[in-house]
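Shown here is one chain on its own, the form predicted alone, set out as structure tokens.
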Amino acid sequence: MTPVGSPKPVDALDSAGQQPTATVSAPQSGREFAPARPIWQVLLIRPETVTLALLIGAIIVGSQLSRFFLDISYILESSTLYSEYSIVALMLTLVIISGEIDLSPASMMALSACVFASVFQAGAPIWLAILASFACGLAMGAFNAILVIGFRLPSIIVTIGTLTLYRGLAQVLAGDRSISHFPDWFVGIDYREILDVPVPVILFTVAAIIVGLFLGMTIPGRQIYQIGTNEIAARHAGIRVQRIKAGLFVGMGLVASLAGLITASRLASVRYDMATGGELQMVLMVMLGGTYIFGGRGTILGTFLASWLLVIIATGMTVANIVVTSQLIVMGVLLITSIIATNAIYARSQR
């Protein structure tokens, strides 16, 4: 017999002959959480902070190579050589954040510029030639979107193919000749200044502000992050994933055509091989800025800083008389290093 007041054995049966359910007592203390990191540590361990530090370091090293690095007008003049790539890199940032990639914008620049030059050379008004260039960019972006979104093909494979396709079409259209003889008001955009700042630099800065506000302060901009983080969850949340991604690819085509016109104005001529190799520099700007290659993370500020970093590095190597082949090696090493560093920073932030 069990004494009165004694606890009932666990294996004893109740009056209904059922095994009693053991009661689990609540824990005495709540779950222990890791202490919050100091704000200074959060700010320091960010890709944009690393890019800013590299930019400052590059300026210091460059000033040792040439005294012109301390002249802001010299830096602004040098940056006009990369402004069109920088503008396209802003749009490429959105595409990569969404979880996709586009490696064809440099070829789209060439083809849209060749369309512009060919239409103008055929006797059409220049405004019609400009519209034809934008229509070509729209068509190329839509074609990429159809292959990636409509047929669900990997964007990296599709855009490698269209990279070659668009460059080939540009060669068929323009041949090996250089098309020039444009109106005087169209040529030399890099020599035109507003308050001593070249127009291409102003265009890049304004575009960075607009795209940055769109990405950080609008609903579609936040949805791009959600798509890149988890596309399936974004679909279940009611986000129109296909429409947004298609819009990004079409936007890439339009921006590339604008960059092609800027390049044509700067060079005062058009060739099928213009912007050759620009894909590397555009992707490098985005990766150096801390955009996550697998999507979901990145900022326009990072790409903006990385664009200036690339300008300083490229100008410094030119001043140091480093040959072009060696410059490409440096660019490749920077690209690989930036991807590794970005992955390491984001992995640490998730601990």
Partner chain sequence: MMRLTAGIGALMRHREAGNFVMIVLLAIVVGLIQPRFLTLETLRNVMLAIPLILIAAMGQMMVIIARHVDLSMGSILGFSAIVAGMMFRDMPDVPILIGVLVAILVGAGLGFLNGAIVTLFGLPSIIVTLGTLSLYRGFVFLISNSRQVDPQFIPRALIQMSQTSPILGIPWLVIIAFLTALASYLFLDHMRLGRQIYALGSNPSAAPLRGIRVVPVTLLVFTLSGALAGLAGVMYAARFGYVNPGITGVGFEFTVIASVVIGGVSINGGVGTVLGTILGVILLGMVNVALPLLGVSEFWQSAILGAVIIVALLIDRSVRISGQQALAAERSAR
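Owing to the predicted nature of the structure, the values given are computational and were not obtained by experimental measurement. Residue numbers count along the first chain shown, from 1.
One more form of this protein exists, namely the form predicted in complex with the partner chain; it is left out here, but the text below deals with it.
Taken together, the three residues Leu52, Phe214 and Gly296 all stay farther than 4.5 Å from the partner chain in the model of the complex, as judged by their closest heavy atom.
Only one segment in the set 134-142, 121-129, 155-163, 236-244 has residues whose heavy atoms sit within 4.5 Å of the partner chain in the model of the complex; it is 155-163. Heavy atoms of Val283 reach within 4.5 Å of the partner chain in the model of the complex, making it an interface residue. Interface residue remark: Val250 is not counted as part of the site for the partner chain in the model of the complex, having no heavy atom within 4.5 Å. Although the partner is absent here, Gly168 lies within 4.5 Å of the partner chain in the model of the complex, judged by heavy atoms.
Contact between Ile219 and the partner chain in the model of the complex is not found at the 4.5 Å heavy atom cutoff.
Residue-level contacts in the model of the complex: of Val206, Ile232, Ile194, Val172, one residue has a heavy atom within 4.5 Å of the partner chain, and it is Val172. Residues are counted as partner-facing when one of their heavy atoms sits within 4.5 Å of the partner chain in the model of the complex; in 321-341 these are Thr325, Leu328, Ile329, Met331, Gly332, Val333, Leu335, Ile336, Ile339, Ile340, in sequence order.
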